[in-house]
Structure formats: C-alpha cells, structure tokens
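Given next, in structure tokens, is a single chain: the form predicted on its own.
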C-alpha cells in the first residue's frame, strides 16, 4: 500500500494536515507564518506528519491555477479510482461544473490571463516510506520496522531516542520530539489500516490530490495522469520516486509524487540516497587502500635490500 500525491490537484487547503493532527493527536507547532509564503507549518517534523508546501514562482504553468481546471481534473481523473472506500473529491463545485474530457487538450487562456507569469506550486509532503529505508537500516534497537502494509513504522515504546534515524533519512522527515527525545513521523495511519480504513489525510483530501491504495495500481494511475497532463499542454509533468529505476538511491518510494517542475523547486532532493547504500563501497575502498599501502611497504623493503 502507499500514497500517490498529485500536486496539480492540490489547492493548499491543508485539510490533510488538520486530519493528520486530529487523528494522531499531534500537538500544534505554533502556526506561525514563515514569512516566505502563506505556509504556517514550514516543514515536516515530529509534530507535523503532513505538510503542504506553498511554492511561489515567477513562472507561468499551463494547466494550473484555474479553479475550473482543478475541479475538472479532480472529478474526472479519479472517478473510478476510490480504493477502500476513499471518497474522492467532495468539493461542492464539482456539482456545478460539468466534467470535461481531460484527454482532450483544452485552452488554458484564463489561467494565463489571470496569473500572468506567476504561478503556485503546492505539494502535500509526507514520509516517503522508502522501499529501502535509511531510518530502518540505521536503527540500532529495532524500533523501526516494516509493517505488513509495506509502510515504515516507528515503535515509540522501543525507540531510545538515539537519533541515528534522523541523520539516515535522505528527506529530512524523521524528527525527535523535544519533550521526550523519541523519533516520530508518519505511520501511514497504521491503526486505521488495521481497521480497514484509508489514512486520515487521503480521506480528508477534497480534490483527490492524495490517493491511497495498492502501490502497483497507484503507479498505473500516476503514469496515466502524466500522459493526460502532457496531452493538455503541461510537458513539465513528471513522477518522483515511483519506482526503483527512477530513484535507485531509495529503491523507490511508497509515497511518490507527480510534480510540474524540478524536485528542488519543491524542496525535494533530486537524487536521494540512503547512507547505508554506500557502506559496501566504502569498505571495498578502504580494503583497496590498505592493500595498496601493504604493497608499497613491501616495495620499499625490497628496494632497501637491493640497495644494501
């Protein structure tokens, strides 16, 4: 199981953040504006397991920015894709706007006229639940495990707060809480999954930007969605971390994204690698270095004997 987050459908409502905090009983972070945008949570942390990033760009983005455009895509694109009772879009606007055939390229003039060269990129970020998770491999106590749903879960009653997982996460997701020192992050709503429910964030998303379901099904949806967007004149549409081939440093993500710009624009690393992936290379390099020093020492001894 996993998440597919389509950033082109995100409207920045933060319903996912609220639902996550409410279900998991997470404390607030002060709700102070960052001063760089309308974002009032800033980043993922021990108390923020879902974070909606607001990226303001002085660059036009065809296909994004029009409420009509988002409603059309949300109502049409994922109509038959509601696994495990997921509601999909609940926006009342969806009843007022007749869904269009999104396979057909449409004129996007209103968006460009309304926004000029300015555009918003919004992304609901979360733990990526990597197929090869650096936090799990670095944990010395076995507190971090892989669940039967494929998610990466931190057992708070086993965590000793050493913090190795924090530095081992290539996305900066895992964080320790100041009051108890233990590591916390998204659990993929493990308790809800056990009860046959979808994660709270996906359930609350009004535009179906956050999709939850079997990972292979999500990959098929995502690939189809990219084709749709490109056909509509959004050539920048791309997937991030959907497979091991696309992101070998993590062997792929169970929470992957559809982006409309380079990953760095969304504050995502372009080529994340779990630290433990290069341990074998480091050992081989050290062994080669030691062997080289040994051969050099033997050469010096033999040269000295010949000179004598």
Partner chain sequence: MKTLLERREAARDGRNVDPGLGTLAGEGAEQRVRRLDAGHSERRVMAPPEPELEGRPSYYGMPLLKEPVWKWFIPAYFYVGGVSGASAVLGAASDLLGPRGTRALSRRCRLTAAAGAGASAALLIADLGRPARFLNMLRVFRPTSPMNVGTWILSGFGAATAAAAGAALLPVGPGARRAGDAAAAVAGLCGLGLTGYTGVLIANTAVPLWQGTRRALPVLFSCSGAAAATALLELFPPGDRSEPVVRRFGVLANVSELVMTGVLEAEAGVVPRVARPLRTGISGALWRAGQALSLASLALTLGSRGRRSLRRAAGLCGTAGSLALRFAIYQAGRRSALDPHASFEQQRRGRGAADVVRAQPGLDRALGEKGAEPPATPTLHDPGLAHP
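Residue numbers count along the first chain shown, from 1. Treat the numbers as computed from the prediction; the structure is a model and nothing was measured.
The protein also exists as the form predicted together with its partner chain; that form is not presented, and the subsequent description refers to it.
- Looking at residue 237, you'd find every heavy atom of it more than 4.5 angstroms from its partner chain in the predicted complex.
- Its partner chain is not shown here, and in the predicted complex it never comes within 4.5 Å of any heavy atom of residue 152.
- Residue contact check for residue 195: none of its heavy atoms lie within 4.5 Å of its partner chain in the predicted complex.
- In the predicted complex, residue 34 approaches its partner chain with a heavy atom inside 4.5 Å.
- Although its partner chain is not shown here, in the predicted complex the stretch 289 to 306 places heavy atoms of 289, 290, 293, 294, 296, 297, 298, 300, 301, 302, 303, 304, 305 within 4.5 Å of it, in sequence order.
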